[in-house]
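Okay, so we've got the same protein chain twice, two forms, each given alone as structure tokens, structure 1 and structure 2.
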Structure 1
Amino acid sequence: MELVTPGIGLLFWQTVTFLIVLFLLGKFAWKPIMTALHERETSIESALSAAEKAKLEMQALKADNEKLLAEARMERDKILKEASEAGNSIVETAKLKANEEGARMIEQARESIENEKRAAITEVKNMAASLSLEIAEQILKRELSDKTAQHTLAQDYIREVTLN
């Protein structure tokens, strides 16, 4: 096999054709291709920038959501604490009122018992006085039924009165 060396004319026309194609590509195709590549590069950069911006916004939203959740939890805990304190306060108030009412009722019962006791003692004293009068009346009737006993009793009273 033998190597064929191209002729000078062929090389000249290939070079001229290459330069014409290069000129035409540079004139008509190179600018649109470069413009398209530049636009694509710009759109990719803007898409990456938008993605980064969206990522940052998502992180900010996530942080805001975490903050809102934390605030909501704190508010919930505060409300629960206040409700618990209010419930405890109501229970304590009810206990105090019940104790006060119980003490008042016990005091009223004591006063009522004391009044009943005084009334009973007064009634017993009245009954004792009444019985004593009846007994004294019976004794006096028996003692004074005869005349000599009446005369002796009158003399004794007169002696007592004159001695005093």
Structure 2
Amino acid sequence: MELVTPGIGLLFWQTVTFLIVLFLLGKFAWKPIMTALHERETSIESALSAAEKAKLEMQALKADNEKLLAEARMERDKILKEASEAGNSIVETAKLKANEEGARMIEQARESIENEKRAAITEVKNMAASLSLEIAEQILKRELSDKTAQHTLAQDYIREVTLN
């Protein structure tokens, strides 16, 4: 029965020693160890969450950049489109203007030609009148000298006049 009879000496020493060990280890070993483990875990956790946050931020930044890029691209396209449209319109107006100018010039030319023509006709008429007057003068002069000659001459002149 001795095997299962606890001796008072060992009971006493075990109780005292174990409580001292519990107190000392609890105060000077487990406390700093648990705190350090906890701290390390929280620091690792916070580092991980910070990294995650940074990653998210990077993604947001990237998305922003892409958005900006897309916007810039769109802007460029718009500007290009506008520029080409402006160029087209300028060409168009220039063409229109040129056409108008041409038409106006043609009109002017036509008018001036008309005027020249009219002037020329007037001149021809005047010349014809003066010529007729001259002819008349000549005929009148000849009449005075020869009657037949006078007649042939008149005939000639008339012929000439009609031919002219």
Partner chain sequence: MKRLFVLLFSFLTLTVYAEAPVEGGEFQPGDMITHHIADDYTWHFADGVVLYLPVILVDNGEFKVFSSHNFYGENHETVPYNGYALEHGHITRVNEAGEPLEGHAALYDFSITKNVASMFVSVALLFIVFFIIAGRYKNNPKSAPRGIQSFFEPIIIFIRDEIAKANIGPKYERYMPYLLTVFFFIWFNNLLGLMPGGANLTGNIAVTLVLALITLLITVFSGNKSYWKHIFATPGVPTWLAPIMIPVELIGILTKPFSLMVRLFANITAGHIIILSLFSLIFIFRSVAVGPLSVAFATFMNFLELFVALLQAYIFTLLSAMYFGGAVEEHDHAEDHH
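Basically, rigid core = biggest C-alpha set you can superpose within 1.5 Å across the two forms. Start at 1 and count along the sequence of structure 1; that gives the residue numbers used here. Bear in mind the structure is a predicted one, so any value in this text is a computation, not a measurement.
- prompt: Which of these two, 1 or 2, is the form predicted on its own?
  reply: Looking at both, the form predicted on its own is number 1.
message: Quick check on P32: with the core superposed, does its CA move 2 angstroms or more between structure 1 and structure 2?
response: After core superposition, the displacement of the P32 C-alpha between structure 1 and structure 2 stays below 2 Å, so no.
- request: Just grab the Cα shift of F23 between structure 1 and structure 2 for me, core aligned, in angstrom.
  value: Looking at the C-alpha of F23 between structure 1 and structure 2, the offset is 5.2 Å.
Backbone CA shift between structure 1 and structure 2, L10, after core fitting (angstrom): Shift of L10 at C-alpha, rigid core superposed: 12.7 Å.
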